[in-house]
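Okay, here we've got a single chain as structure tokens, the form predicted on its own, with questions on binding and movement later.
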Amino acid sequence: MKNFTSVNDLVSSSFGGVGEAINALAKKALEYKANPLKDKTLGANKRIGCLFLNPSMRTRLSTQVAAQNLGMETIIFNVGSEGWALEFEEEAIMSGSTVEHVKDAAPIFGKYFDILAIRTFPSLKNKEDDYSELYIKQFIKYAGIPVVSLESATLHPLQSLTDIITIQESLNNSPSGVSTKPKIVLTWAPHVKALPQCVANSFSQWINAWGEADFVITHPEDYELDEQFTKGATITQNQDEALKGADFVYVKNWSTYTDYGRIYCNDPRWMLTNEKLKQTNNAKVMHCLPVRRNVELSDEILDGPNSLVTQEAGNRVWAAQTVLSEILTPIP
């Protein structure tokens, strides 16, 4: 694996098809969970630089733990508060607030580190700019070393790999009542502010590529996601219909895509509750965190037996460790 920015980076992997690659990565992650230090010298004398253009908690900490489990040194750099404002546009006339061009900064990172991990964030103001993924593409172009996305303007692949790891782990531990092809529902939830589509896009992309689930997306009118990520899923605006017989329910808010970055609906009736779960196949409930309690998800769900949220967050380490190990291991 050269870079890790989306499920498309698995196409060139040594595992075969994308679905096979996802299963192989999930299997490897669960092996790391059972034995975290089994490859503790794989990253010896290697260094990963983690650049944050926006804040993080789980992504930052889990990546640090994962790298250390492999014997790597980790250096964290918060670009906005600790470094110069970066320019990403080609042929920019830098007479404004930006001080350093990525063309000058990225090659230096390539000298300092063996792997570069980057977390960016969308503006939610200009769809074309955000969906161009200029920031992460410029780092890939100029750094000269493998780049791992810790979330970009449109995708969050480490979170999505984590989600599939968690689903597979749950299926492995489930009674025979869960189908071998589970029904997975991604449901929109209310929120107090406009959030990006990254997690929803990425989850849709990975579940569709995985191909081993009956996948349904449900959201209010006007909250359609970009079809390049959702194609292959059943999409409905009827949440009750979507939840029927579900084995897993993934809860996430996102702002509008077509009229970009807006909140049209904030209907509290879209919040998942135990009453709504009665329509499911005793579904397990997932969320990437952080979560607005009793806005996106009710206390009774988050603190109840159906919640996989804490387990899911814990699995972030094993997703990151698996990806880093794949990059560190040369393909024979």
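All of these numbers come straight from a predicted model, not from anything done at the bench. The numbering used is simple: start at 1 and walk along the sequence shown.
One more form of this protein, predicted in complex with a small molecule, exists but is not displayed; see below.
Proximity of His191, His219 and Ser255 to the small molecule in the predicted bound form is absent: no residue of the three has a non-hydrogen atom within 4.5 angstroms. From the list 29-37, 56-64, 297-305, 269-277, the contact stretch for the small molecule in the predicted bound form under a 4.5 Å heavy atom rule is 56-64. The small molecule is not drawn, but in the predicted bound form it has no heavy atom within 4.5 Å of Leu42. Interface residue remark: Glu151 is counted as part of the site for the small molecule in the predicted bound form, having a heavy atom within 4.5 Å. In the predicted bound form, the small molecule sits within 4.5 Å of a heavy atom of Cys288. Among residues of the shown chain, Gln205 is not one whose heavy atoms approach the small molecule to within 4.5 Å in the predicted bound form.
Taking Asn201, Gln159, Thr120, Thr187 one by one, only a single residue has any non-hydrogen atom within 4.5 Å of the small molecule in the predicted bound form, and it is Gln159.
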